[in-house]
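Two forms of the same protein chain are encoded below as C-alpha cells; each is given separately, as structure 1 and structure 2.
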Structure 1
Amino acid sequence: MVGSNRNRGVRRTVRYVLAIALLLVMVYPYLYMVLNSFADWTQIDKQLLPTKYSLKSYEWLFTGGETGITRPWLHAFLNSVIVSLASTVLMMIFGVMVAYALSKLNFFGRNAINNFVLFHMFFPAIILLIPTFLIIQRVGLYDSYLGLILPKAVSLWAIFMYTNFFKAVPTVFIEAARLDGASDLKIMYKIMLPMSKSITTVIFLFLLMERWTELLWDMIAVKSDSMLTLNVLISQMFGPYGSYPGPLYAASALLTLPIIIMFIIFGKKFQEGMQFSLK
C-alpha cells in the first residue's frame, strides 16, 4: 500500500513536470516577443533570452528614431479598439436578437431562416471577398470605419451558439414573463441573457479576439494611414522597418497584451463558459 502511494506521488510529480515543461515551450514565443521588445538592440533575435534591456524600441515606435519616420501608432491602436469593439458589440446584439427569435418565437418562416443560418455558416466565405470589397467601395464606405465594421457586424457562429443555449432555457419562464406583460425585448435582456451569462463571456471574447487580429479584410478595406488597424500597421512594418525588429516587437507586444489581459481578467468566467458551452 505504502509502495503504491509513493508510486502515485512520483507519477503525479512527473505529470506536473511534463505539464510545466510543455507549457513553457508553448508560451516561450510570447516571452521571446516581450523580452525582445525591451531588449538592447545588439541582442534582438540573437539570444534565446536577452540579458541587456532598454526602452529604445518603444521610444522608436513614437519618434521613428534615426529614420524620423513616425507611423500613426496610437491612432492605429485606437482604430483597432474602435473597430473591434463596435463589430463585436454588433455581433453580440444581432446574435442575441436572431437567436431569441429562432429559439423562442414560433413564427412563420422560422425553419427556413434557421436552415439558412446553418447553410450560411458553412458556406466558404472566400468567394464573397472581392464582391464585398466592391460593395463597400460603391456605397462609399471604402477607407472608413463603417467599411471596416459593417461586413463584420453579424456572426453566424454567435447566432448558432446563442440559439443552442436559448433552446435550453425553459419556456415556462418566458410564458410567465409574458403574462406579467413583459415585452420580447425585455424578456431577451432580462431573462435570456442573464441565464446564458457564462457563454456570453466566451462568445464575446472569441469574437473580440478574432476581430482584433483580422488581417485580410482590414488590409483590403482601407487605404489611408489614419485608417489602419494596429495589426495591419505591424504587417506593413515587415517592409519599411524590416531592419528594425525592435519597434516591431514593441508594436506586437502592444497588440497582444490587451487581449491576453482580457482573457486573464475573465479567465475563470471564460473557463466556466467553455465547460458549459461544450457540454
Structure 2
Amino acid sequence: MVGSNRNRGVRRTVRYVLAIALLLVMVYPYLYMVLNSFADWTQIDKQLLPTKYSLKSYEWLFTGGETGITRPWLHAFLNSVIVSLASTVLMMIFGVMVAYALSKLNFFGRNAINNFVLFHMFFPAIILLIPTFLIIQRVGLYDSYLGLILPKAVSLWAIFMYTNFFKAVPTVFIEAARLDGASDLKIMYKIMLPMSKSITTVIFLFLLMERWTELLWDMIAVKSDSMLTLNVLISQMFGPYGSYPGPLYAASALLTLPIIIMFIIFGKKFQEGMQFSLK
C-alpha cells in the first residue's frame, strides 16, 4: 500500500515536471521577446534574462531614433483593427449561414458542397494568391480596405466547425420554430447562434488571430503608406532597423498585445468551446 502511494506520488511529480517544462518551452520565446523589448540596449540578445531595463526601444519605435525614419504606427494599428474585425465578422456571418444550410436544409447538391468544403481545406491558400490579386486589381479594389477585407471574408474552417456543431443540435428545435412561423434566418440567429456561444468564441478568436497575423496578402494588396497594416509595417523595419533589434522586439510585442487581451477577456468561453470541440 505504501509502495503504491509512493508510485502514484512519483508519477504525479513526473507529470508536473513535464508540464512545467513544456510550459516553459512554449512561453519562454514570447517572454524573451517582451523582456528584450524593455531591456537596456547593452543587454539585448546578450543573456537569457536581462537585468537592466529602459523604454529606449519603444522610444525609437515611434521617433525613428538615429535613423530619423518615422513610420505611421498608430494608423497602421487602426488599419489592422479595421481589417481584422471586418474580415472576422464576415467570416463568422458566412460561416453560420453556409453551415446552417449544409446541416439543416435539404437541397440538391448539399453533399457535393459539403465534400467540396472538406476537399478545398487541404489545398494551401497560396495557390489562389495570384488569381485573387488579379481579380482585385481588375475590379478596382487594389490598395483599399475592401481589397484587404473581401478576399478574406470566407473561412472554410469556420464553415466546417459550425456545420459539425449544428448537426449535433436536435432537429426538434428547428421544427418547433418553423411551426411558430420562424424563418430560417430567424432560426439561425435566434436559436442556433445562442446555442453555439462557446464554439463561436473559439472560432472568433482563431479567425481573428489568423487575420491579425496575416502578412503575405497584406503585402501585395496595398502600396500606399496610408493602407499599411501593422504586420507589413513591421516587416519593412528589417531594412532600416536591421541592426537595431530592440525596436523590432518592441513592435512584435505590440503586435501580440491585442490577441492576449482578447484571450484574457474571452478565456473562459474559449476553454468551454475547446472542451466541446474535443468531444
Partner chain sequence: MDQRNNKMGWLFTSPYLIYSLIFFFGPLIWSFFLSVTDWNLIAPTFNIIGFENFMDALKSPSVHSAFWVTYKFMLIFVPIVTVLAIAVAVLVHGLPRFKSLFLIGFFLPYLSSGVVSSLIVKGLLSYTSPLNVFLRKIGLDIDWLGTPLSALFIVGLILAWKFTGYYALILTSGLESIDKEVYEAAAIDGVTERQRFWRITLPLLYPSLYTTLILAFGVTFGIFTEVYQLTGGGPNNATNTWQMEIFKQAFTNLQAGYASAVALLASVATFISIFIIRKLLEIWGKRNGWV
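If you superpose the two forms and keep the largest set of C-alpha atoms that fall within 1.5 Å, you have the rigid core. Just so it is clear, the structure is predicted and the values come from calculations on it, not from any experiment. All residue numbers here refer to structure 1's sequence, counted from 1.
By the stated condition, namely the form predicted on its own, the second structure is the one that fits.
Superposed on the core, the two forms differ at Pro124, whose C-alpha moves 4.0 Å between the two structures.
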